[in-house]
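This document starts with one chain, in the form predicted alone, laid out as structure tokens.
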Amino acid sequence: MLKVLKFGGSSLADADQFRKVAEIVKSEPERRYVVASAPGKRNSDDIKVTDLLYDCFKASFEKKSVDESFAKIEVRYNEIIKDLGLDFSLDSEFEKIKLAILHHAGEDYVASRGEYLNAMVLAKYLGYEFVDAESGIFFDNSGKLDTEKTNQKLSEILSKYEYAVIPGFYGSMPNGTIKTFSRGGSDITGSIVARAMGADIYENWTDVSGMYMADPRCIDNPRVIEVITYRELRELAYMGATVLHEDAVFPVRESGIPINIRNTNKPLDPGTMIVPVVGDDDKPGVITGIAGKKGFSTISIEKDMMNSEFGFGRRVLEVIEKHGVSFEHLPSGIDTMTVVLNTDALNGKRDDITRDIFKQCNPDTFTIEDGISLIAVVGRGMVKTKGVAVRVLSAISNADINIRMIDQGSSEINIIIAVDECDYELALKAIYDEFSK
């Protein structure tokens, strides 16, 4: 049995959290490779180290002093080192990083130093080898992860060490410069390490006891999901469920490695197990989870005999593509077509899109409406259960909410509805209450 562990920023925010992490890691000899994030917030008023590094980059770019923000970074790490009683200094690293910032090092390099330094401290505290991610995680010239090169090289490097700590969030470009994943990308690093080492389990340690059935900011004490498949996770992550970076499933999916979401502050909680497939004995609930997002707009088009006009839908989508906007959903009728888009993507482009659609498609009516939210109801249990859609729609109707759109995927594991943003929280609660009885 081999386990790869990733600890998030809240799990490594201060010395007390480091002690919890060490106790978790050392409790099982199978926990051999650890991925570290940068120190997160210690309280609601605190600032993440990564954000302080971004402040330094911005200040240097604007030819302002970086001293105040960088001093906070130094204090943060030195407090952790002192409180842990380590005979260890990062002074030479601080000097090198600050000099690089002052000489306008790239933003990705600057942002990545939080993970780099924290992994060094954690490796020292655990007595593990420190392995820099830039030596084993590679991107190609387009900035895309070079999966096979990374897997081969990282496996080769880590196989030399029985126990190691690897900083999350970044790798290197072909020219040797640092490249980061998007925020939360340490989850991806953990997945990459798990695949490279052929891990039996990838444990992702954070500050919650797994994935919730619904957003706890909207629902009081929602249930924890015990088991969820990769496919279900992707659907929920896309619609805003953020316990795990949505791209973290790809490296482990190929190898069928399960992911276990665990709580550093409650290590005995079993958390959520994310698996490639479920066994024959799996008895899921009707739905696995509910997630949603606000901030969408709809483009609604009507034209008589639209269905008999060759290429009508294609021309609409070509206009949207031309202006660099991707669409989320595309419900349609005989003489109607609606395109759901991210509202922010329309900024500065509304008039041009309107003009071009009239020019290319000559619709009878055309409207753009903002203030739309989308809610996804996801579950592998939906496939074999009759009346799920009826229950979803009835719950919304009984809450006196108008449904703007309904869309069910061909896989039958998700139903997406659109409601006005003002009804979002109420709709989410209505659906949750219906299926959590």
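The structure presented is a predicted model; accordingly, all values stated were derived computationally and were not measured. One rule holds for the numbers: they count along the sequence shown, beginning at 1.
Omitted from view is the form predicted together with a small molecule, to which the following refers.
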Q | Heavy atom within 4.5 Å of the small molecule in the predicted bound form - the one residue of 404, 48, 380, 32 that qualifies | A | 48
Q: With the small molecule left out of view, choose which of 288, 186, 272, 204 has a non-hydrogen atom within 4.5 angstroms of it in the predicted bound form.
A: 186
Q) Of 22-30, 390-398, 48-56, 370-378, which is the one stretch near the small molecule in the predicted bound form, taking non-hydrogen atoms within 4.5 angstroms as near? A) 48-56
Q: May I ask you to check whether residue 115 falls inside a 4.5 Å heavy atom distance of the small molecule in the predicted bound form?
A: yes
